[in-house]
Every structure is written in structure tokens, then in C-alpha cells.
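Here you get one chain, nothing else, as C-alpha cells; it is the form predicted on its own.
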Amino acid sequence: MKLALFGGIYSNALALTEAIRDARQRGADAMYCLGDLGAFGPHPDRVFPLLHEHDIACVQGNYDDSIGNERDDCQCGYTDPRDNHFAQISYDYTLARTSDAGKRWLRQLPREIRLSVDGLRILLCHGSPRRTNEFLWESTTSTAFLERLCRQADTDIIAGTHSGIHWMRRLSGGRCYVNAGVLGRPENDGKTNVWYAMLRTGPDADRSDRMSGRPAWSVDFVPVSYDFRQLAEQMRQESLPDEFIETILTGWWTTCLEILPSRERRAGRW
């Protein structure tokens, strides 16, 4: 099986369209969204038809729970006042422009999706199995902690998003953790593309995994190019913050920086 895993879409329908096209070309058997459909970008209602048309099952992210239930904020988990200031601007915009039908659909999304594929137990979530808005960073998340999450969740593979930067780690017993990255904005690396993950199992997995004697799996991280200039123009027309637009045009984050651990922050511009 080939399973395409899309992290936070953040209202970026242009990138979602390209990711779907790319995943189809690569032979994806199924596509999943790991939550946070809105935020950051313009026109949140343009995302829903794409998900429905292409039969993409979705996990409920913190943003989806907040928008669907019309809560006061996005429950993003930021602690810095500046980050929360921009998060609130984005949230208020998305809440005001998401249709009632969209809100009803977001309310009913599951917190997790469990799959059994080619002998593997796979858990799809947003932040982590224990908390929807938990940030799991490569530099600060220990292997022992990830293995404990797998044991407690009774699964072989955990796939999440939320942090905005893709990474994975192989664990003992043939298990792994995968952060799919996000489609909504670039990864604070000076590049304008975004990312998704393709999880391959069984005969589609790498030969090295098949020879291990355990259920076979492998993960490819796939860069997605899209018309980022068009997205930036749509954001201008919607009067979204210049800081958001700069990120789309340059590939460098201008907000949500304070939540980054030191290693991930050193990899960026600031």
C-alpha cells in the first residue's frame, strides 16, 4: 500500500491541489489529512470540496475542534505573546469565513484514525496520541518517549503533524514515528515548497525493510511546489498580515518562532 499523509493544510487549497495530483501520480492507494484544515491562509472553505471530492479522510486537529465548536482561540499551544497575537488574527479570520456546513463537518471529525495495513498497526493523529496540540520536535523528543507512546497506543506506526517541520525516527521492534510536515506553509528553510509524507507498506516498501523479517514499511518525504505567488496575492486581497505573506514568499517563518527548540530555530534565518 501507498498512503499519502497530508499535514496541516492551513487553508492552502493551492498546495493541497498539487499534493493530491502528485500523490495520484505516485500511485497512492489512499490519502489522509492529519488535521488543521484552516489557519494562516485565505478562503478556508476552498479546502473542503477538495477533501470530499478525493475521498480524503481527516483527523481533527486543534484548529478544527476550535473552528467547529466556535471556541475563543485556536488551542495552538503557543506561549509567546507575539505568537499568540498573530495566531488570534488568523483564527478570527478563519472562524468568520468558515461556513456553517464546514463547521458542522469539522465538529464530527475523529481525534485519531487507526489502520491495519499489511500486518502493521498505524495510528494517525494530529499532535500526539495523548494530546491533540502536543509539539513533537526532532531535537527534543527522545526515542524512549516515542517508544512509550507506541506501546501505550498499541500501535506500530504513529503519524502526526502540528509542528510544521517533517521528520521521522525508526524505533525498536520495527516501529516508527513520522511527522508528515504541513502543506500550509514552508518549513523555515528559505524554500517556498511544502511537504507531505508517503508511507509505503508490504511489497511497496524498501527491500531493506522487507528483508528484516518484520512487517515492511518505508517513508518518503515529498516536496510540493505550487503557485505560492498566487497564494500571496490572495492573502493580500484578504488583508492577512504582511508577516504571513512574507513567509509564503521567502520560505522563512516570521511568526510562531518562539515555540521552536534551539536547534530547529538555529536552522532558520533568525
Partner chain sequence: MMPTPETSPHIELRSLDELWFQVAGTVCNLTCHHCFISCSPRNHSFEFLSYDQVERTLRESLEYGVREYYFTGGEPFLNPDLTRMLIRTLDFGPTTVLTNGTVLQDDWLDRLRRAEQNSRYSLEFRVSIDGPSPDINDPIRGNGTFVRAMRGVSRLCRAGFLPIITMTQTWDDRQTGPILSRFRDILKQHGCDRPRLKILPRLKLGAEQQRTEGYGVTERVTPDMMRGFDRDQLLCHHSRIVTSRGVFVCPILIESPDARMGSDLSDSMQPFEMKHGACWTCWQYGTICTNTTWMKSPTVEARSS
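Bear in mind that the values here come from a model prediction, so they are computed numbers and not experimental data. Residue numbers count along the first chain shown, from 1.
Not pictured, yet referred to below: the form predicted in complex with the partner chain.
Considering only heavy atoms, tell me if residue 134 and the partner chain come within 4.5 Å of each other in the predicted complex. Residue 134: yes, in contact with the partner chain in the predicted complex.
4.5 Å heavy atom contact, residue 189 and the partner chain in the predicted complex: Judged by the heavy-atom cut-off of 4.5 Å, residue 189 is well away from the partner chain in the predicted complex.
The partner chain contact at residue 88 in the predicted complex, heavy atom, 4.5 Å: Close contact is absent here: in the predicted complex, residue 88 is far from the partner chain, nothing within 4.5 Å, heavy atoms only.
Residue 112: touches the partner chain in the predicted complex, heavy atom cutoff 4.5 angstroms: It does: once the partner chain is placed as it appears in the predicted complex, residue 112 has a heavy atom within 4.5 Å of it.
Stretch from 90-98, 144-152, 196-204, 174-182 whose residues place a heavy atom within 4.5 Å of the partner chain in the predicted complex: It is the stretch 144-152.
Among 237, 241 and 246, does every residue place a heavy atom within 4.5 Å of the partner chain in the predicted complex? Looking in the predicted complex, the three residues 237, 241 and 246 all stay beyond 4.5 Å of the partner chain (heavy atoms).
Taking only heavy atoms into account, state which residues of 158-183 are within 4.5 Å of the partner chain in the predicted complex, ordered by sequence. Just 169.
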